[in-house]
Structure formats: structure tokens, C-alpha cells
Ligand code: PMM
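Here we start with a single chain on its own, the form predicted alone, put down as C-alpha cells.
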Amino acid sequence: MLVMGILNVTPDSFADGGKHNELDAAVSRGLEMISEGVDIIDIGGESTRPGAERVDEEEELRRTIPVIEKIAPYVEKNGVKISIDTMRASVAKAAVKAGATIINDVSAGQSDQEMLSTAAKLNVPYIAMHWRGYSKDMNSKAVYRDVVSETISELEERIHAALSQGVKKENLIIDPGLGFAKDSEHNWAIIDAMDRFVDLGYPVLVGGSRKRFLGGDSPDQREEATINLTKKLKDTGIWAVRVHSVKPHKEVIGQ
């Protein structure tokens, strides 16, 4: 199981907004992750916390591309990959040109009609997450009769869409989207049924790091619970966990 380290180059992300918002701070954190044994550094310039407003394309590019360019020379020699966390095809294209080798799209191609065909042309791994709408109003869409079955069904629709646009099966990775249009009960139901997502036959990424369903009054207070979640997931056969801290998760996986 791999560790994807989160590097939010934003002022407003829920757990670490502003900590790595400047170029030097972001690059420093990226290099620190490499030293801690990270497998993938996921760089994002747009917060997807509940209620977040979107940033424009120019600002997203300004935040992310210089960081990728600065970190890229270090990742290859350390066996680390860079992923770009974006819903925009133009940003994905620029990021891959700058040195990213994975696209992490929380909308699974629903936000930008050009994304799936762009991912196919770029021929890099593409992460498709279960998504029902933008952060501004996604909480209102957390309505399910059977959250596991519906999430799987909706993910399968996105898998079909990606394949039909030319994304290779071997490049597809899926993410059940913990915390996205899901309340606490929904998130735990998905975690407890992780084998059903693995059985779809694609690598599975799980991103529950420091999210509200883990308890605690603040994101920092949820770090221990996040580590325990990694412990719970490590024998499920998933591909990777997406987390804010790297070292404790690498240690848990190695035990």
C-alpha cells in the first residue's frame, strides 16, 4: 500500500490551509515528504473542503505549476511521483508538462468535459473519485438509500465514461470519495465495505485524512484517528492512502 502525501498550495484548505501557500514553503514540505519516504506527492491549488468557492484557472496554475517545476528534479531520483489534484483539463496538461505523472480528479471528469480525453492523450494514471457536485453545495447531496451500492454504481458510470474516452484500463484508479457528499455514517459504511470497491478490479485510493467523520474538534486532533484508519485499511488490498502526514503512515504500513 502506497502513501500519497497531500500538498495543498492553498490559503483555505480545511486541514492545512495557508501552511504551504508560498512557493518556498510548499517546496520545503515536498522535500520533507520525500525524506520521509512518500510514494506520491499530490499537489493541489484549489480547496475542495465543504463550502469552498472555486478559484479561477489562472490562479490554480499560478499556485501549482511552479511548485511542480521545483520539486520535479528531486522526485525521479528518489522514486517518487507527483500527482496533480485538479478538476481542469488545462491544469492537468500543464502539470504533466511540468513534471506530474498522475492526474487526481475529484470530479471524475464531470467538472470539465475535456478532462477524460485529455487524460487519455496524456496517457498517465488517472484517479476518478466518486463525486456528486462542487464543494459549495455537496453536503446537500449526501442522500442515499444504500451508500455503498450507489457509490459503486456511480463510480462504474465514470469508469465507463473514462474508458469510452480512451483512458486505458491500466491507467484507471478509483476513489470512493470519503467526505464528498457523504456524512459520517456513509463514510464508515464505505470503509467497512472496502472489499467491494477493491473487487471492481481497479487500484483504489482512499482519502480520509483528518476529515470530520473521524471525530475531534479540529483537523489536528484527528491525526491519531487517521493513523488508525490506515491501520484498518492496510490489509484490504487498496492501492494507496492519501494523507497529510507521511512518516507515521509509512511506519504503520511497514509493521
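Worth saying up front: this structure is predicted, and the values here are computed from it rather than measured. So that there is no doubt, residue numbering starts at 1 and follows the sequence shown.
Separately, the form predicted together with pterin-6-yl-methyl-monophosphate exists; it is not shown, and the next lines address it.
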property	result
Location of pterin-6-yl-methyl-monophosphate contact in the model of the complex, chosen stretch of 147-155, 161-169, 88-96, 103-111 [non-hydrogen atom, 4.5 Å]	103-111
One residue of 29, 211, 186, 63 in contact with pterin-6-yl-methyl-monophosphate, assessed in the model of the complex (non-hydrogen atom, 4.5 angstroms)	211
Option touching pterin-6-yl-methyl-monophosphate, based on a heavy atom within 4.5 Å in the model of the complex, out of 49, 196, 54, 70	49
pterin-6-yl-methyl-monophosphate in the model of the complex: contacted by all of 40, 202 and 230, heavy atom 4.5 Å	no
pterin-6-yl-methyl-monophosphate contact in the model of the complex: residue 124, any heavy atom under 4.5 Å	no
pterin-6-yl-methyl-monophosphate contact in the model of the complex: residue 1, any heavy atom under 4.5 Å	no
Residue 178: touches pterin-6-yl-methyl-monophosphate in the model of the complex, heavy atom cutoff 4.5 angstroms	yes
Close approach of residue 75 to pterin-6-yl-methyl-monophosphate in the model of the complex, 4.5 Å, heavy atom	no
Within 219-248, the residues that have a heavy atom no more than 4.5 Å from pterin-6-yl-methyl-monophosphate in the model of the complex	242, 244
